[in-house]
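Before any questions on binding or motion, here is one chain by itself as structure tokens, the form predicted on its own.
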């Protein structure tokens, strides 16, 4: 029995399809399918059976899930222990950050970091999901959250408020009933003034582009709206509190030299980035 087969089994359960499991594991569809079949052959019975909405776990499949998860936890703990013992400043470290935060806030910080530590190989993962630090999907994560995982340590960098933004061209020909560009995120979905929804965007960048193009008003994080030269804050509307920006790592990884210098470098940059994130750079009037 191979651990890779059990990992494919757990990933397939979590992702719900072979295609998505293959993407998560950075492998091919055929490899995941082959690993699942090999695991069933090793165990001598089927792990899945047809269900009303696709394949579901058999009794054997359900029985081995908690055992496989314990093996996964142990394997991850071994990898974290080995990584934590690495005291060199040469080698890989993985940072996960959302694309919006990276482009608007952290790009210059990361650029300076790589210049200062040329022997570090940075694996930069653009993701809005809170990557699993316990499974080492990332070594360090920067996220907007109010609930950091219990197994993580780190620091709150800054509050990240929201504000309503608009393109000057929209205000120049503002309709009687405003148009609203919704971002698929709770506080940004519903208009904060009388308006009809003309578009709903699933990403921060696409929502900003629609607002920038004059299609309507929308709520964005201040770090996105205030750094965009083609957007202004909607007059007479103040920023709204939302969540905080955290930088986090797993408690087991804090001793790794590369994790430590990355954390410290970003901590030292807080005075530079906090005004951008917290909305202190805004222009409150059109112009």
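Computed from a predicted structure; not experimentally measured. The term rigid core refers to the most C-alpha atoms you can superpose between the two forms while keeping them within 1.5 Å. Residue numbers count along the first chain shown, from 1.
The same protein also has a form predicted together with the DNA, omitted here; what follows describes it.
Only one of 68, 33, 57, 240 comes within 4.5 Å of the DNA in the predicted bound form through a heavy atom, and that residue is 33. In the predicted bound form, none of the heavy atoms of residue 9 sits within 4.5 Å of a heavy atom of the DNA. The closest heavy atom approach of residue 19 to the DNA in the predicted bound form falls within 4.5 Å. Interface membership of residue 27, defined by any non-hydrogen atom within 4.5 Å of the DNA in the predicted bound form, is confirmed. The closest heavy atom approach of residue 37 to the DNA in the predicted bound form falls within 4.5 Å. Once you line up the core between the shown form and the other one, the Cα of residue 249 stays within less than 2 Å of where it was. A displacement of less than 2 angstroms separates the C-alpha positions of residue 219 between the shown form and the other one, with the rigid core held in common.
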